[in-house]
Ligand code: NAP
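Next comes just one chain, in structure tokens: the form predicted alone.
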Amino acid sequence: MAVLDPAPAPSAGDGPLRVAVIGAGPAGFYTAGALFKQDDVDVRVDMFNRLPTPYGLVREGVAPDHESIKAVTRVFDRTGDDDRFRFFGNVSIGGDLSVQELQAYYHMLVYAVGAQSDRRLGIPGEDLAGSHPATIFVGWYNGHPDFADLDFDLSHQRAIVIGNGNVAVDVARILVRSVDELAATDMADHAVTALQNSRVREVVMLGRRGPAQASFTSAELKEFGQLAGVEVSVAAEQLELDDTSQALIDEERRVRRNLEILADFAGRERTGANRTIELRFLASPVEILGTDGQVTGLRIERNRLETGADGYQRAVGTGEFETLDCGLVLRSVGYRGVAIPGVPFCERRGIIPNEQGRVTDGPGGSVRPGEYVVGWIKRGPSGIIGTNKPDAVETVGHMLQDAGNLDREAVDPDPEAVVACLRERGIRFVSYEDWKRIDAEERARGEPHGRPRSKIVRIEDMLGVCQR
């Protein structure tokens, strides 16, 4: 990573630049790491996280059968072990501490809270039992404390996943993957037990546009065809493309590779596997059907693509409808940011309004001094984990440019002042050393069973480990 050139830099007599990072996911850790690489600036970073555990979606969002992706936490741990870093887990900003209170302890605040909620479909039946955001299902099988006690009805043979991004691919794969394989991962124990008893044998994945417009990556898609005991189904006629979609194949390697993989699936002989994933395109959900408050089916409309003057291909309903029986609907149509009390928020885009990481008081508004944003809450839910690294570097560059204009006297010079405040309020915060105790306990619980870890999924149990 290139070292940024702060202009102007704070003088040594001003003491260290004290930064609070709100959120402990990849964006937050990349921000702290970028700050620590600036040799000409003395920086201290305190990271606050609502959950006791760090890593954000790397722990709570990456599928448990993708263990290699989680190796990035080794990079984050180097930041966590830095003497200039402190972690305050189990602290809610906007709850336990307000943004205004943080501003009394820190020269700069960086919001790195990601996109914590889901986008809605806006169709009848969306709130029936058995209809869930995929984000919640992902949190459930990954042991997120907010969702650990949920139940998902896996008693019906068919489940439907709405969406065709990587999250949709993940949940479809988890629903049909061999439980013996899942039991060897760090999947939450309650999820392994539930999937052992699952009767789901067919997953239908719906995309409202065509295969050329699907947003899943080729590596994720290809993995479908490598699942033991699972047959992948896609109708060959669904891969017939109009001229505009054909042009995407010529222009984008990912799209071209996706179509090659889909064509391979379409051309395979039936194997008679007892579990299937069916990929369907040009289909939009119009109503989730139910009886006695429980999902029983999904009504869909077939679409065609129309290309607008802007070149964007939109799905337009044809008036042809079909009903699919199912007992579970998982909606994977995008993540959305959540507002932080006291911080501007753009409802339309679901982000904190900003200019290249500097928070503004609204879209196109004035910059709010000392407030910054990184990651999905800055740019929307796009990109992979590594995308957050250059994003953080951009924001840090602006922070360092602004550092010389700070009013240092407006901030309490005592770094222990925030600690005293939390203790006075009886807030049991979790340090990075505490997190290491939780981590060691999880690994110890998993080792006898040949698993990388057995996750602790309740906050009170995590705190109990810290107090030993």
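What you see is a predicted model, and the numbers here were worked out from it, not measured in a lab. Residue numbers here begin at 1 and follow the sequence given.
Below, we turn to the form predicted together with the named molecule, even though it does not appear here.
Student: Out of 327-335, 102-110, 192-200, 287-295, where are the residues with a heavy atom within 4.5 Å of the named molecule in the model of the complex?
Tutor: Stretch 327-335 is the one.
Student: Taking heavy atoms only, is residue 357 within 4.5 angstroms of the named molecule in the model of the complex?
Tutor: No, residue 357 is distant from the partner.
Student: Could you tell me if residue 215 has a non-hydrogen atom within 4.5 Å of the named molecule in the model of the complex?
Tutor: Output for residue 215 is yes: heavy atoms within 4.5 Å of the named molecule.
Student: So in the model of the complex, is the named molecule close enough to residue 220 to count as touching (4.5 Å, heavy atoms)?
Tutor: It does: once the named molecule is placed as it appears in the model of the complex, residue 220 has a heavy atom within 4.5 Å of it.
Student: Does residue 167 make contact with the named molecule in the model of the complex, using a 4.5 Å heavy atom cut-off?
Tutor: The answer is yes: residue 167 has a heavy atom within 4.5 Å of the named molecule.
Student: What I'd like checked is whether 21, 50 and 86 together line the named molecule in the model of the complex, meaning each has a non-hydrogen atom within 4.5 Å of it.
Tutor: None of them does, since no heavy atom lies within 4.5 Å of the partner.
Student: Report the residue, out of 274, 307, 318, 382, that has at least one non-hydrogen atom within 4.5 angstroms of the named molecule in the model of the complex.
Tutor: Of the listed residues, the single hit is 382.
Student: Just to confirm, with a 4.5 Å cut-off on non-hydrogen atoms, which of 121, 261, 188, 343 contacts the named molecule in the model of the complex?
Tutor: Contact residue from the list: 121.
Student: Out of 347-380, which residues reach within 4.5 Å of the named molecule in the model of the complex, heavy atoms considered?
Tutor: Residue within 4.5 Å: 376, and no other.
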